[in-house]
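The chain below stands alone and is given in structure tokens; this is the form predicted alone.
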């Protein structure tokens, strides 16, 4: 479980190191530094082109500056690590692990047992032979997990074993056809025996489409209950969360709220939820507008809220860095990541950054007033840092503790929308309804809070 720390009252001094971020906040904070403060992991894959030196230098600079967890796009999968029977190739995986160690990053391993990217020799030599397939899978897991024992913090042990058409096991897998569903239980047991300190995940897509019995997440939840009851060492569920822009609309099934419901159900079983492969793409061929990109940013933020707010969620990992190097073309989608083709941050990046800056963990119940709070509550700075405080009533912001402050209002993507001088102790905020960031400054003293205008 993650440990939360309050950022209440801390001035927003944000801007990105080395990538030209132009939002109004100042100078040093990155996604990584803010994720560290919030005790969560935020990351992106290392695209396959990186392993061969095929990406520009600023790609790696952005990656190691902005992220504190990493996973390989393809380089730890079965066909990459055991292309021929008993002949293991760890070169690319070792390169990534070394990169992570040099830059203080957590490592995810992906993936040990999957129906795809299985080398041809497995099916050609042993297809349908249960005894031999169990031996092959066990040997692969033991060798791969053993090689990176103590270096890979968490593994996707089983990936995409549930059918996408109806809630049942994926029967077309070489592992299912030859072994049956018991290969899943066995894979977790074998991985845990080799590295008992690694977190072990089941990973799948379309888990944001609800936990009802007819949905994939509902079927999975029943399996997790069985695994926990039977002592199978499962510690986490990875939600790939490859979604299309429209799937987050209230008229569609998939939504951040549905994924949050899964997190809450898993918490009852003491199992974590991790967002492991996030992208939010648009249909290929359509013109993506500025407002589309801003809406995309809002959706990225809604998924981040799950990781920030649910105690059993700790990982927010994006399946790529730049739209230029993305697998989404194969899904007939585009522009699903947080940097554009030129490695410039998009509104989605701004939304994530500002959300991390303004997140305030809920206070312990013992610290709360017994009375209900409303929109006229005073917002106070951290005790001991400054006596500056603000109080919002409707659209009137009252300021105490300073005589000549500058008041600035930013939208939730960090863009300035209003500013004024406070000389009479209050300022009328001339903004429309919505969520905003207010920053009040006098000299070196600064107080920043999130506010809601109704």
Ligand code: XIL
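Worth saying up front: this structure is predicted, and the values here are computed from it rather than measured. Numbering follows the first chain given and starts at 1.
Absent from the display: the form predicted in complex with the named molecule. The rest refers to it.
- None of 126, 219, 114, 90 but one reaches within 4.5 angstroms of the named molecule in the predicted bound form through a heavy atom, and that residue is 114.
- For the options 298, 74, 168, 103, the one in contact with the named molecule in the predicted bound form, meaning a heavy atom within 4.5 Å, is 74.
- Heavy atoms within 4.5 Å of the named molecule in the predicted bound form are found in one stretch of 190 to 198, 207 to 215, 106 to 114, 264 to 272, which is 106 to 114.
- For the chain shown alone, residue 240 is a contact residue for the named molecule in the predicted bound form, at least one non-hydrogen atom being within 4.5 angstroms.
- At least one heavy atom of residue 277 is located within 4.5 Å of the named molecule in the predicted bound form.
- Using a 4.5 angstroms limit between non-hydrogen atoms, residue 160 touches the named molecule in the predicted bound form.
- Of the heavy atoms in residue 319, some are within 4.5 Å of the named molecule in the predicted bound form.
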